[in-house]
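Next comes just one chain, in structure tokens: the form predicted alone.
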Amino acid sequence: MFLAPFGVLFAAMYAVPVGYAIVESLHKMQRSGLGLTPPKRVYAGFENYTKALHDDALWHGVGRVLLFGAIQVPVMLGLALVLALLLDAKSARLKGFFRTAYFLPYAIPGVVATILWAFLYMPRSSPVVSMLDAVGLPSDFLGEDAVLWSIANVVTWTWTGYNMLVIYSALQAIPQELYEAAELDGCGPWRTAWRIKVPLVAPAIALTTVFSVIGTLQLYTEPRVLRPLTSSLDADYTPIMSAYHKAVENNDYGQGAAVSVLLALGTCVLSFAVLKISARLTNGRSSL
């Protein structure tokens, strides 16, 4: 009885949309004649999945976000860990101010943050580009080779503070007696951080890693906002953009739903693998 509200919300917000997407992925709109009659919705079996699995543009998008995650996620979580350790240091001052300052970018909506950074990326409006050009370092932050990392910069700027707060909260739960014992044993600040703090916040780091991997595979807002500003971003730049392009812009909901279902399955498998690897590394480090 107490779980009924949760069950209703879970069914309405999760189970029903997922089930609807699966049903849509097994159907297609069939048009006949000269297009003068309305298209019919017919059962297509796994045809939409077959087309999705043979879509080169979709696979390029998958490879792109995997490369993005392999570099951006470690950099972002490394920064978050360092900032959390600095805030937790005994000698740290103005902790409240810096905690708020680090977290503030997360409070800015992703669309607004991307527009703000876009002004710094566009050659005609960016003082950064002008300064680099003045010293003989021409740069094109929205060029084909750089735009993925320009997006990574926006994502890192937005989410580092959030992950820092999760890790910092875990640091606050460590008993002070451990620090006192380490100090009596002659451990300095760096050794205490590496030998005590980092292993004890490893579950929080694993949690933020899983969340970051899921967020990486769902990358959409930043490339979608930057797309009108550069020709380096096509409609299938990321898997989510590809699903939107097929479903809304091409009016092929079955194909878009198939891409979404495949992406959800891939996200579940990758998240589970990251969780198992993180648990193994955490247990291995704890046994040292």
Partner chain sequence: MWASTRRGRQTARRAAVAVTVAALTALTACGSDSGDKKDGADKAAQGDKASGGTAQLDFWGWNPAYEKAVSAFNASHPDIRVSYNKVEPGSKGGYAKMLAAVKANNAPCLAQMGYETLPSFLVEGALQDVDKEASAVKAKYSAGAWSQMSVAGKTYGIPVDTGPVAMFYRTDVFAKHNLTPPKTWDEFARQADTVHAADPSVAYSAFGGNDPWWYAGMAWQNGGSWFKPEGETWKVSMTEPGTQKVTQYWQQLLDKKAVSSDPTFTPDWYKRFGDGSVASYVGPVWFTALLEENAKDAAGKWAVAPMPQWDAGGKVTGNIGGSGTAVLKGCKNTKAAVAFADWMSSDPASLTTLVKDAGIYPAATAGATLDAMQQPSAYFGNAKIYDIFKDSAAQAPTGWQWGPTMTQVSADLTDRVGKAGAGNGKLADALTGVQGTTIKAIQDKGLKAAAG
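Numbering follows the first chain given and starts at 1. What you see is a predicted model; the values in this text were computed from it and never measured.
Absent from the display: the form predicted in complex with its partner chain. The rest refers to it.
Participant: Which pick from D133, D185, E144, E177 sits with a heavy atom within 4.5 Å of its partner chain in the predicted complex?
Facilitator: Filtering the options by heavy-atom distance leaves E144.
Participant: So, R124, R224 and Y244: all three within 4.5 Å of its partner chain in the predicted complex by heavy atoms, or not?
Facilitator: Heavy-atom distance to its partner chain in the predicted complex: all three under 4.5 Å.
Participant: So, T50 and its partner chain: in the predicted complex, are they within 4.5 Å at any heavy atom pair?
Facilitator: No, no contact at 4.5 Å.
Participant: Quick one: does G63 come within 4.5 Å of its partner chain in the predicted complex, counting heavy atoms only?
Facilitator: Contact with its partner chain, no.
Participant: Looking at the partner-bound form in the predicted complex, is A70 within 4.5 Å of its partner chain by any heavy atom?
Facilitator: It does not: once its partner chain is placed as it appears in the predicted complex, A70 has no heavy atom within 4.5 Å of it.
Participant: Is V112 part of the interface with its partner chain in the predicted complex - any heavy atom within 4.5 Å?
Facilitator: The answer is yes: V112 has a heavy atom within 4.5 Å of its partner chain.
Participant: When its partner chain is placed as it is in the predicted complex, which of 260-268, 20-28, 5-13, 273-281 ends up with heavy atoms within 4.5 Å of it?
Facilitator: Heavy-atom contact with the partner occurs in 20-28.
Participant: Sequence order please: the residues of 211-249 with a heavy atom within 4.5 Å of its partner chain in the predicted complex.
Facilitator: Contacts from 211-249: Y220, R224, V225, R227, P228, L229, T230, S231, S232, L233, D234, A235, Y244, H245, V248, E249.
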